[in-house]
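We begin with a single chain expressed as structure tokens, specifically the form predicted alone.
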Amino acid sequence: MTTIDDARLLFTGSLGCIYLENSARGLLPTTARDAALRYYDARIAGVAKETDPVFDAETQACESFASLVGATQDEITLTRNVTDGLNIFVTALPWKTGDNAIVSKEVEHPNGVYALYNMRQRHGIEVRMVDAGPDLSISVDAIARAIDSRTRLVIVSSVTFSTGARTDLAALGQLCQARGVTLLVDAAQSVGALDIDVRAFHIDGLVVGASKYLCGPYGLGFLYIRRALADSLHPTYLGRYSIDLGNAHEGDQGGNTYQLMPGAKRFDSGSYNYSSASAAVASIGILKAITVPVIEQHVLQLAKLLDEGLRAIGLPILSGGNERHRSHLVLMGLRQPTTEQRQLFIALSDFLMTKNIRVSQRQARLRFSFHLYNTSDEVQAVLAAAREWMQAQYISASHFK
């Protein structure tokens, strides 16, 4: 097993700043860069696709990701990003007019919401909005009340991008399975930092991009579809890779009828992003060497330390109010900030940048997000910078009430 300290040396970007912008994009390790370059070097040399191992990257990436989330390789297909994965899944469902889907618009990412609006426009479904819980988490109870006999799909984020609250996937998965409802999880803010098992949580579909906590490149994502469900779905669009012709060459036409590939492979539609897949294999290899449960324990400890420290100096924290919903994201902000309060959060973010501390902003909230390469010393540096800013600007807790 690789230690976190050893792995941190591969993320050279973490050595030049305090990088807490992981919720927007993770750092790329040097091994991922090297893997992508090996692919490009092979292409420059004109290697044969049929024989060179650089073209095994798609299979290796799917196998690596599958083992990370408790799936099998034939339940994984590569996508371009989270949006791509959401739409591949949602458009393949057998919608009927009058069906409904459930989403928590208040805290959900817009991509999941728009995917459902598209089905409303095309198929006449109802999009049911449920309120978030008191701590701005996705409420399983509210979803349970919204489900009826025409509910086909529930879309949730494993961790909400706007509040940092962790969804109780175990409870939600059991609920959806018992009620015969398909569960699709946007795991952009969790896989790679938090331990997710699609079998244990009864997840039917899961989407993630490689660029955040998988520490991979942009332009690559993963879609998991439970094998039995995938075998019942028909892709919205087809390509030669979607069709099962055994070991026939990819250029072979086949007959006038066709058999879809088994599992999620029926959603493969064309040539793969081999360079990005190569990089992702290297990045995921680091996560697997440390093990995600070890990473999860590390990042949750750091998040709790920062949460408690920021509260102690009087700064408002949206996340972490319920221990069950705590994640590796600490969200500073208010549910409905005034213009003056919004300006204060922006000013703090700008001040942190002068201290070489990187955070991201969403909806007038500051997101402090942790990954394996962050340390407790960095948390203390953030707290010291926040205290310095408050003292210099004569800011107190009263400014946020």
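One-based numbering along the sequence shown. Just so it is clear, the structure is predicted and the values come from calculations on it, not from any experiment.
FYI, the form predicted together with a small molecule isn't displayed, but the following is about it.
Comparing 75-83, 145-153, 241-249, 164-172 against the small molecule in the model of the complex, the single stretch with non-hydrogen atoms within 4.5 angstroms of it is 75-83. Judged against the small molecule in the model of the complex with a 4.5 angstroms heavy atom cut-off, the residues Leu194, Ser327 and Ser369 are out of contact without exception. By the criterion of a heavy atom within 4.5 Å, Asn100 is excluded from the residues contacting the small molecule in the model of the complex. Taking non-hydrogen atoms only, Ala188 approaches the small molecule to within 4.5 angstroms in the model of the complex. In the model of the complex, the small molecule lies within 4.5 Å of some heavy atom of His109. Although the partner is absent here, Ser319 is not a contact residue: none of its heavy atoms lies within 4.5 angstroms of the small molecule in the model of the complex. Among the residues Ser276, Ser283, Ser137, Ser157, the one placing a heavy atom within 4.5 Å of the small molecule in the model of the complex is Ser157.
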